[in-house]
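What follows is one chain in C-alpha cells, specifically the form predicted alone.
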C-alpha cells in the first residue's frame, strides 16, 4: 500500500497542510519544532486511530482552535483506492469515515493502512518495563487480527470492573459481592486465555522474522531470541488456550485473598512480559547501547515482514528522526533495506540534504515550514 495524499488541518502547529507523496521514499526535513513529526502523526491517526506518541487528542489541536482534521488517500497493492478521514472536536468522540463506511469506531480502521513506526521513544521495547513490550505486541496484533482487538477491549473492561468491585468493597469495609466477582473471574479466565494463546502463537510466528532481520540488519552471528513469558507460567510452557485457562484458574484461587487485601487483579495477560535475549542474557540487563539499537531496528523490520505476510499488503514505514540515533553503518543498512523492500517510507530528519546523498531512486523532499 502507499499513500497518495495527506492533509492536515489545525493539527499541532500545522494550520492547513497537504502533501502529494512519492510511492517510495518521502523525506521530511526542517528545524526542530517545524512540524515534521506531526505529518507522521497524521498518518498514524488515519491508520491506527491515534498518534504513536503518548498524547491526548485534545493536546493535538492547534492553539486557538477547538478541533483537528486529518485525511489520507491511499492505494492498495492490488490497486484499490482507499480513503480515510478523522475529525476530532474537543469534548467529543472522534468522527471517522473511510471507504468502508461513515461514523466508524477506531477499531474498524486498524490494519486497513498497515503501519510500522520507529522513533527514538520506542527504545523502551528493549530497555523498558514489561508494559512497554506488551504495548508493542498488542499494537502489532491489533493490526494483524481483528478478533484480537475485540478480545483486548473485552479484557480491559473486565479488569476495570473487577478492580472497581475490589476497591469499592475495601473502602466501604464490606465483603466483595462474591457472585459478581466469580462471574468476572470466569470471564477474565476465558478472554485472558484467548489473549495469552494469541500472543504465544504470535511470538512463534514472529520469531523467524526477528532472527532473519537481526542477521540482515546487523551482519553478525550474535545469538538472539524472543520469547513470550506469561506471569503464570511455571515449569510448563504455556501455548494453547487450555494451557492459559488452566494456569489462570489456579492463579485465581491462589491469589484471591491477596486480591481482596490489595484491591486489584493480580493475574491475567496484563501481567505478562516478552523476554528479548542476546547471548543467553536478557537484553534489558546485558545488551550494550549498540546492541539495543540493533535489536530495536530488527524488531521493527520483523514487524514489517510479519505484517506484510499476515495482511498480504505492504506496510508503510514511518521513521521519526531515527538516523540521529544511528551510526553511519546502521544508517546505511537501514536505508539499503528500505529501498530494496519497495515499501513507501516517510523519514523525518533535520539533515535532509545530507540524507539524500545516500539515496538512489525515486524520492520526494519536503522542507518545513511549508510556504504557500
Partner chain sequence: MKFVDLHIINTSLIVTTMIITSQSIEVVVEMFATLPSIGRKTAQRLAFHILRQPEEFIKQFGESMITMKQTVQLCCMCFNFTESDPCSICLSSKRDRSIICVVEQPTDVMVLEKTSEFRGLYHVLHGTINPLEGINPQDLKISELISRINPDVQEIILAINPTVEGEVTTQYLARLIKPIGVTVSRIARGIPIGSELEYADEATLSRALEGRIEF
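Positions refer to the first chain, counted from 1. Fair warning: this is a prediction, and the values are worked out from it, not measured in the lab.
Not pictured, yet referred to below: the form predicted together with the partner chain.
Of the candidate stretches 154-162, 232-240, 115-123, 262-270, only 154-162 has residues whose heavy atoms lie within 4.5 Å of the partner chain in the model of the complex. The partner is absent here, but in the model of the complex a heavy atom of 186, alone among 246, 138, 222, 186, sits within 4.5 Å of the partner chain. Contact with the partner chain in the model of the complex, defined as a heavy atom within 4.5 Å, holds for exactly one of 131, 227, 256, 182, namely 182.
Contact annotation for the candidate site: 277, 284 and 314 all lie away from the partner chain in the model of the complex (no heavy atom within 4.5 Å). For residue 168, a non-hydrogen atom is located within 4.5 Å of the partner chain in the model of the complex, even though that partner is not displayed. Although the partner is absent here, residue 194 is a contact residue: one of its heavy atoms lies within 4.5 angstroms of the partner chain in the model of the complex. Within 4.5 Å of some heavy atom of the partner chain in the model of the complex lies at least one heavy atom of residue 147. Among heavy atoms of residue 177, some come within 4.5 Å of the partner chain in the model of the complex.
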